[in-house]
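Okay, here we've got a single chain as structure tokens, the form predicted on its own, with questions on binding and movement later.
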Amino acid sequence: MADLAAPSLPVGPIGIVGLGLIGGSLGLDLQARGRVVRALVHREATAERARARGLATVVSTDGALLADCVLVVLALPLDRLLEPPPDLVAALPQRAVITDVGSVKQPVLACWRELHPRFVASHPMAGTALAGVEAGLAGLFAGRPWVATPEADTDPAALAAVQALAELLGAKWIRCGAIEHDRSVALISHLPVLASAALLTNADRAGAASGLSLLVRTLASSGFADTTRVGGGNPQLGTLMARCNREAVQAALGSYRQQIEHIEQLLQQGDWPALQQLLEQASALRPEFVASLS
């Protein structure tokens, strides 16, 4: 449920660690709203390109630039969030609010609750198939959910600051438990990546086995493109999501398999009225899941 309060973002520089799709988009949007953004990146080549793109006010490979930030966003891949370099942890100001953008929350919380007293686990539900320093996009978060998964002892002022950040960028603020978050994203985010990859692999292998490789590629159009978009995204990100949310993803795959097997049974039985009913139910359900995208 969205909070009714309208908290304000603390005055001062905002730090971003990592300038990929999420970090770069944050930098663009925050600067457009008059905020000073200090970005920490791993390589000087990335820093140079980020400066050229204007992704932050200051970009550096030196963690000292975070020293007086009032809020720091860890826009890092899940593996680096779960095994953060000691020099990064040491560079984070103890008084600053720290949040992340990882798509899995339970393991991130388990790690960071021990590392920083003002950590807030969060996840902006926005993205594209692009990655890296070239991927940052203005307006990425507008109208999209930004989920926080606070614990009982999460600093209320820190939580309010992350809410203010999300709302400043036009996102829809949502709070839920970490377990509920991870189970939900397994169904609507992580499973679609794997199902989409399976569709692509099936089209390739089944097409080759029947001598239709060129034809299936030639005939692939908007429907196939829409259905497989997420399967053509960042392979490292997809693997990390599955690895870090393994139990929930396995459960989602199991329930999905049941649906596929049910459809297969309807085909074997030639039960076209039942198949039409299933498709009608799916058609009626879809607007409930994608209403916020229209």
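Heads up: residue numbers just count along the shown sequence, starting at 1. The structure presented is a predicted model; accordingly, all values stated were derived computationally and were not measured.
The next section is about a form of this same protein that is not shown, the form predicted together with a further copy of the same chain.
- A heavy atom within 4.5 Å of a further copy of the same chain in the predicted complex is found for one listed residue only; from P77, P145, G170, P117, this is P145.
- This chain lacks the partner; the member of L130, A110, A198, A157 within 4.5 angstroms of a further copy of the same chain in the predicted complex by a non-hydrogen atom is A198.
- Under a 4.5 angstroms non-hydrogen atom cutoff, a further copy of the same chain in the predicted complex lacks T61 among its neighbouring residues.
- When contacts are judged by a 4.5 Å heavy atom cut-off, A90 does not count as touching a further copy of the same chain in the predicted complex.
- The closest heavy atom approach of G223 to a further copy of the same chain in the predicted complex falls within 4.5 Å.
- Among residues of the shown chain, H181 is one whose heavy atoms approach a further copy of the same chain to within 4.5 Å in the predicted complex.
- Here the chain stands by itself, but in the predicted complex one stretch of 162-170, 81-89, 213-221, 131-139, 213-221, has heavy atoms within 4.5 Å of a further copy of the same chain.
- Taking a further copy of the same chain as it sits in the predicted complex, the stretch 273-288 comes within 4.5 angstroms of it through a non-hydrogen atom at L275, Q276, L278, L279, E280, Q281, A282, S283, L285, R286, E288.
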